[in-house]
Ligand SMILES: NC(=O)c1ccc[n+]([C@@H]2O[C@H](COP(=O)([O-])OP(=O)(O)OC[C@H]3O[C@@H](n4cnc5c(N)ncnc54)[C@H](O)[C@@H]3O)[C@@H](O)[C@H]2O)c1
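First, one chain by itself in structure tokens, the form predicted alone.
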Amino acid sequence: MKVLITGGLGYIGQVLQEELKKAGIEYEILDNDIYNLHKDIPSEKRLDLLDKDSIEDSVKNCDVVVNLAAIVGDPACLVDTRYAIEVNCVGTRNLVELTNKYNKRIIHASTCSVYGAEKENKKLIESSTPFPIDFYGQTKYQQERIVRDLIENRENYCIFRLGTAYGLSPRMRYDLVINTFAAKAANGEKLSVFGGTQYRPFVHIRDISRAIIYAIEHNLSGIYNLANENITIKDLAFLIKDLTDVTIEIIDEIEDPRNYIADNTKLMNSGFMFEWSIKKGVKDILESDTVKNYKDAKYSDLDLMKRVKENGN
């Protein structure tokens, strides 16, 4: 068994590498290192999904492709919408065409952002109608359609709609709400909550990685919500306050109207079990050496994407 991880140098990808090693599964990473965070990587290893010919041998020589490659998050996507469409949609199409050519399985990382803003706080299942309201969510839903519509063998794809990720990674991000709140609390800064009644489903990156491996080992196919705990942003802030005694400021204005509760029954019924709670993950972040410098641009996909744009890449 050999796994190809596209976006293998990213926030989730580096943790997935660690979990694959624990499971004794051989893997190869494919990444263009767009943010130039890994200067020790030789040029021949910086492979890009947009260059279909360059990635063909990697797909041909693996058993399963895990597609994590993407410009992630609405702010980062809006820095260069054309490039975000190319990476998220054209790149995914190139990959799917190659998996078809060599009859490979693909596990694709989508997002619960495709659900948009559910006004009645109903639990959303995989057959619920997606209605993404942000640009990033629209590109991810288009990715889903590419995977579903183009895969010739219907048993050869598994799509995970990820909740909002959190947790420590070698390629750390402090632009994700739990990570940001924990970092602010660790540094004695107040938590500003805009609105706060919006629900979000959350999932630790270790559980994301474990679920991907579970899907590989158990041949899961179809679409699955991959989220553990649904909680409002306000309740999340108070959960962190219980751990740190941080000050909370509630602001009526809502900056991000996304609101959805993801039902994970389908995944749980397959036998998968989550191991990480928000409380456990926050405690882990609070003890991290990186938390003191959380405002560093290297921890923000938005800041990194702005740098790429400024450099003309």
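Residue numbers run from 1 along the displayed sequence. All figures in this text were calculated on a predicted structure; none of them were measured in a lab.
Only in words, not in the display: the form predicted together with this ligand, which the text now covers.
Original post:
What stretch, of 96-104, 213-221, 134-142, 181-189, brings heavy atoms to within 4.5 Å of this ligand in the predicted complex?
Top reply: Among the candidates, contact is made by 134-142.
**OP:** Find out whether any non-hydrogen atom of G163 is located within 4.5 angstroms of this ligand in the predicted complex, and reply yes or no.
**Re:** Close contact exists here: in the predicted complex, G163 approaches this ligand to within 4.5 Å, heavy atoms only.
Original post:
Does the 4.5 Å heavy atom contact test between L9 and this ligand in the predicted complex come out positive?
Top reply: Yes, contact at 4.5 Å.
**OP:** Considering only heavy atoms, tell me if Y35 and this ligand come within 4.5 Å of each other in the predicted complex.
**Re:** Output for Y35 is yes: heavy atoms within 4.5 Å of this ligand.
Original post:
Heavy atom to heavy atom, is R171 within 4.5 Å of this ligand in the predicted complex?
Top reply: Answer yes; at least one heavy atom of R171 falls within 4.5 Å of this ligand in the predicted complex.
Original post:
in the predicted complex, do G13, L30 and L47 all reach within 4.5 Å of this ligand through at least one heavy atom apiece?
Top reply: Yes, each of G13, L30 and L47 comes within 4.5 Å of this ligand in the predicted complex.
**OP:** Go through L267, I285, A70, V65 and name the one with a heavy atom inside 4.5 Å of this ligand in the predicted complex.
**Re:** Answer to the contact question: A70.
**OP:** Note which of A84, I240, A109, V114 lies within 4.5 Å of this ligand in the predicted complex, where distance is taken over heavy atoms; exactly one does.
**Re:** Contact residue from the list: A109.
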